[in-house]
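Single chain ahead, by itself, as structure tokens, in the form predicted alone.
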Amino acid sequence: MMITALTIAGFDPSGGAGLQQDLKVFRSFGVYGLSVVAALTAQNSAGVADVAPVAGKFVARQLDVLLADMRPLSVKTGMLYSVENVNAVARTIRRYSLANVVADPVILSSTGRSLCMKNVPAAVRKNLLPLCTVVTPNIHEAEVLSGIGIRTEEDMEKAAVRISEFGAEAVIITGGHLAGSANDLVYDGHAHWLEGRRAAGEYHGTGCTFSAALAASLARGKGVHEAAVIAKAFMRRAFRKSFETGKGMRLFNV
């Protein structure tokens, strides 16, 4: 039986992030990727110029038609952009009792552009996090979700505890944006650290790539901590195989 995983995310014309990157990562793990588009973007390696959400009713329609026929072993959410879409996805997860849900809470781009509407973080906290197996914010996203400023690894732990209180089974805060380290925190009631070394340069799609690798490993039957270790190792290889094709950030050749 073919192992399948579903990504619900944004469309990236550069192919370096969003659902295109998720599908490439899934394939790297021998997982067949299903996809539902929640947002359209105008972007390239230099950044995001514009975003247009797909209507929530059509996101729900895509999901209903797909899930009436196929049942993924894991689900990864990326850019949902609107409260309407967050709620449509949450209702679908409940309706179909979907398991191994990985939420990559896309809130800000690497260049600092907002990638969601104003009330999306609150909707994510209230409606999506209670349904998640794991949520994977970067430092900036963890600050928004927790309301805690993060300057140190101790702050990361405080933020992870706060985010876990919204209902996610586990929280992984990726530390690539923290000054002085690139260690990731896996919090499942206890803090576990995954050591990393910061790669020189700027990279497009790091959060998408990590969370997709995590979702693929969960689909293959791994637990959260083992899946996080596997995803971290996958990222190390991805950084080594990155390349330049535009005028901005490097892309991952996964």
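The structure presented is a predicted model; accordingly, all values stated were derived computationally and were not measured. Start at 1 with the first residue shown and count on from there.
One more form of this protein exists, namely the form predicted together with a small molecule; it is left out here, but the text below deals with it.
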Heavy atom within 4.5 Å of the small molecule in the predicted bound form, from candidates V186, L63, V31, V48, belongs to V48
Is the gap between A142 and the small molecule in the predicted bound form 4.5 Å or less for some heavy atom pair?
no
Please run the contact check for A17 against the small molecule in the predicted bound form: heavy atoms, 4.5 angstroms, yes or no?
yes
Non-hydrogen atom contact Y203 with the small molecule in the predicted bound form at 4.5 angstroms:
yes
Would C208 show up as a contact with the small molecule in the predicted bound form if we use heavy atoms at 4.5 Å?
yes
Counting only non-hydrogen atoms, the one stretch of 66-74, 35-43, 217-225, 187-195 within 4.5 angstroms of the small molecule in the predicted bound form is 35-43
Would you confirm whether the three residues G10, M79 and L115 all fall within 4.5 Å of the small molecule in the predicted bound form, going by non-hydrogen atoms?
yes
